[in-house]
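One protein chain, two forms: both are listed below as structure tokens, the first as structure 1 and the second as structure 2.
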Structure 1
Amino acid sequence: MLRDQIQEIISAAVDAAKSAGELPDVPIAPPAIERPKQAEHGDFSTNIALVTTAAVKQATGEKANPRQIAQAIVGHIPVDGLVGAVELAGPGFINIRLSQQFLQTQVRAIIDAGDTLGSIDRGAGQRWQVEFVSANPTGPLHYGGARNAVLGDALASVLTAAGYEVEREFYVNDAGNQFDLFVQSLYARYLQLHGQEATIPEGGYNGAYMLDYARQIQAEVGDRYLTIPRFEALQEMRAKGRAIVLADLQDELGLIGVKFDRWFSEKSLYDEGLVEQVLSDLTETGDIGEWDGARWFLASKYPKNEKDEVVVRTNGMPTYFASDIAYHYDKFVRRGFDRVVNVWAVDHQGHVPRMGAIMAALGLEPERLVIVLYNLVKLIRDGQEVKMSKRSGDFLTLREVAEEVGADAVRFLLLTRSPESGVDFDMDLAVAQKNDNPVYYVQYGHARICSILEKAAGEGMPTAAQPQPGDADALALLVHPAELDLVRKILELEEQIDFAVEKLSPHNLTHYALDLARTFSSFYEQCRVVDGDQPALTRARLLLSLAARTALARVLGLMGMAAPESM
């Protein structure tokens, strides 16, 4: 990354100052490189002089003047190529400005990077899995699940851009009591469609959508389930109901552009005998005990866990926790992921410590499993919170929200806050065709650039991304502060990707996209792009516009959004 290049330059300057006898030869940590909060302080800043002062005192016991140390380091920083200027500030900060020539040459590099712009090699090919959504296959997704879907999908995208090999996975909870209740409820609805009296079981599913599912099964099998034993009918209905719900979930998630590499069945863990195998192994290692007629995972053996957890009930039925253990054994031991990220709603935070205990019991480093907790979503319309569907009287679904405001608005607005922060989703703002709507503003910025390029092409101006004779000389004409600021803003993308990976939160991309669109708008207002009297400058500014379009399209793509050519 550009930041790393600056760090290498500073480190080399420190070594050169040591060799020249201008600095004591003491161990010094690599310099921290930051972006100054104020643009007038340069493009990058480092406190290496202050760090060196502390290192000198620790090694020699003598005090040192941080400004003198900074001056010694500055004297060995070459002001050419990448670096345009170096300045001392305050008690010993070193501020660095990128050179004008470097910024000019980056326009071509940005265009050539295309849809790989900003990619970094942080991951070095490590295999990561992001498991998200993972709702019970018992009906449509609640609108709150959209945040899980958007967060997990965007996180997988930035991890891929950072050089990780990423797999997206949906864990299908098709074993256990909730799915049993779903099947029984579906069977009752099927019987009702055939005029028979049938009661939804206690704790079952009464939603109107259950009638839709039952009608699909009725259309396929007719009255067959009236003529065979209840047990056989339920077994067949289990498979058909699962298929219907998964197809519905895939379609619903597809509305906001979310797709998975694998839909992993919880039931398969039992069918393959993996649950019992892992529980048996943990019994041998002393991590599972038996008392009061139940089998228990001894979570209290491990940090942050005060109580043990039931894995097999007194009736012999395993708990969700039993399959959780086997599922994570499968992820790490059988499939060999280097790291797994589970995206969970905040109401599951109580389960986080026991997941660390699972990892330790399986002989795995707990830090290889990361739980990202996200807060709740409130839908707001006309200033009031919306919870229920007007269409069915049930909960509002992801499908209904996506159909009302559009996939891009769903994705952008649900990414604007860090996961731990709640989101008030303003449905009126989401569809507003005005600059106050951040989704509209960013996408309009991309469409406007496309319009500029199209107009220029219509006037005979060369807008092709491919190099043209004289491009290098033309780009050297980009000297206006607004032009150079736009290049600077585009070059921040790799740092934004790195930040999103570091925090495992891609919310910063929404703010960067807005800043980028605003920076382009400022450039466009201050610099006439198409000027028939200045063909070389026009070509340079068209190339800069192409670079900005490339960057906007890239960040929109990372967020899973469209980059429209017209609006």
Structure 2
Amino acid sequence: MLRDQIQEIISAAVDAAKSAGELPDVPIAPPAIERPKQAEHGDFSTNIALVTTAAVKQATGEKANPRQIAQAIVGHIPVDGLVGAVELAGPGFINIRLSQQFLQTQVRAIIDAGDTLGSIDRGAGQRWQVEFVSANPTGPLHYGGARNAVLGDALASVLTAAGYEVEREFYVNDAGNQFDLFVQSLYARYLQLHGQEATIPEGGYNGAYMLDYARQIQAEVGDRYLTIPRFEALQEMRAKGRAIVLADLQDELGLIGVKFDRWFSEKSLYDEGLVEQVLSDLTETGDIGEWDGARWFLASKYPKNEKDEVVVRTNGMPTYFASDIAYHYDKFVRRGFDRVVNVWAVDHQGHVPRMGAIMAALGLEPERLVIVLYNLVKLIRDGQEVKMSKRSGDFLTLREVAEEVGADAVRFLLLTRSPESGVDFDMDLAVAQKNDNPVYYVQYGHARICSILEKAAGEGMPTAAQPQPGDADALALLVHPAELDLVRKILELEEQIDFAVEKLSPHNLTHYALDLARTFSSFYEQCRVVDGDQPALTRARLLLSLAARTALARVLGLMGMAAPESM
């Protein structure tokens, strides 16, 4: 990364100053390189002199002057190539400005990077899994699930851009209570379709969509399930119901552009005996014991856990937690992911400590499992919170929101917030403001550039993507502040990607995308691109416009949004 190069330059300058005897030879941490808030403070700044002052004071007991120290370091920073200017400012900050020539030459590099623009090698050689959504397969996703989908998907994209090999996984809870209730509810609906008396079980699923599902089954099997015993009918319906609900979920997630590499079945863990195997392994290691007629995982042996957890109930039925242990064994031991990121709503926070206990019991480094918690989405109507219930069928689905507000607008809306911030979602307001969504500003910038490039092509100019002999000379004409600022802004993308990975949250991308679009607009207002009287400058600005389009398309792609050529 560019920032790393700057850091190396500063480090080298510190060493050189020490060798020259201009700095006392005390240990100094690697300099922190920051992006100043204000443009006058340059492209990068470092507080190394202030930090060094403290280090010198501690080592020698003598008071040092931070500005003097800064001056000594500045004297050893070469001004050539990358660095255009170095300034000493304020109490002892060192501000660095990128050279004009460097910025100009980056334009072609940006274009050539294309859809790998901003990629970094932070995760090279690392295989990560992002498991997200993983909603119960009992019906359409509600709106809160959309936040999970948007967050997990963008996170996976950003990790990929940072060099990790990433798999997106949806854990299908097709074993256990909720799925049983779903199948029984489905069976009841099926019977009702055939005019038979049937009631939805206590705690079952009443939503209207269940009738649609039942009709699909009816269309497939006719009245076959009336002719075979209930037990067998339910058995078959498990598979059919599963296929139908997964198809529905897949379709719904597809509306906001989310695709999974793998849909992992909880039931498969039982079918192949992995749950039983892992439970018996842990019994041997003393992590699972039996009392009060149940089998328990001794979580309290491990830090941050106060209680033990039931894995097999008194009635002999395993809990969700039992398969969760086997599932994570599968992820780490069998499939060998270096790291797994689970995206959970904050109401599952109580599980976090016991997941740490699982890792410890399985002999795995706890940091290999990361849980990203995001806050809940509250639905507001007429200023009041609306409680949603999947069982009663009274809930706002992701599909409804995506259709009414627009997929990209929904993604943007949910992605701008940091995960820990709660979201109050007012559907009426969202619909009313849907054309004011900031995502359209970003997309508009992209479409506008496409239009400019098309106009240039229409006037017989060579395409910007195709290198021309005089390009290097033409790019040297980019000296307007708005032109250089645009290049600067594009070059920030890699740091934004790095930051998103560092924080395991891609929400900064939305702010960056807006910033980038604004920077392009500013260039567009101040610098006419296509000008027949100035062919070389036109060429340079076409290249810069293409670079901006590349960056806009890239960041929109990372966020899972379209980059339209017209709108």
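So that the term is clear: the rigid core is the largest set of C-alpha atoms that superpose within 1.5 Å between two forms. Note that this is a predicted model, so its numbers are computed, not measured. Here, a residue number simply tells you its place in the sequence of structure 1, counted from 1.
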{"query": "Structure corresponding to the form predicted on its own", "finding": "1"}
{"query": "Threshold 2 Å Cα movement between structures 1 and 2 at G114, rigid core reference", "finding": "no"}
{"query": "Yes/no, L509 Cα shift of 2 Å or more between structures 1 and 2 with rigid core fixed", "finding": "no"}
{"query": "Core-aligned C-alpha movement of V352 between structures 1 and 2 reaching 2 Å", "finding": "no"}
{"query": "Cα shift between structures 1 and 2 at A64, which is computed once both forms share a superposed rigid core (Å)", "finding": "3.0"}
{"query": "Core-aligned Cα shift of D436 between structures 1 and 2, given in Å", "finding": "4.1"}
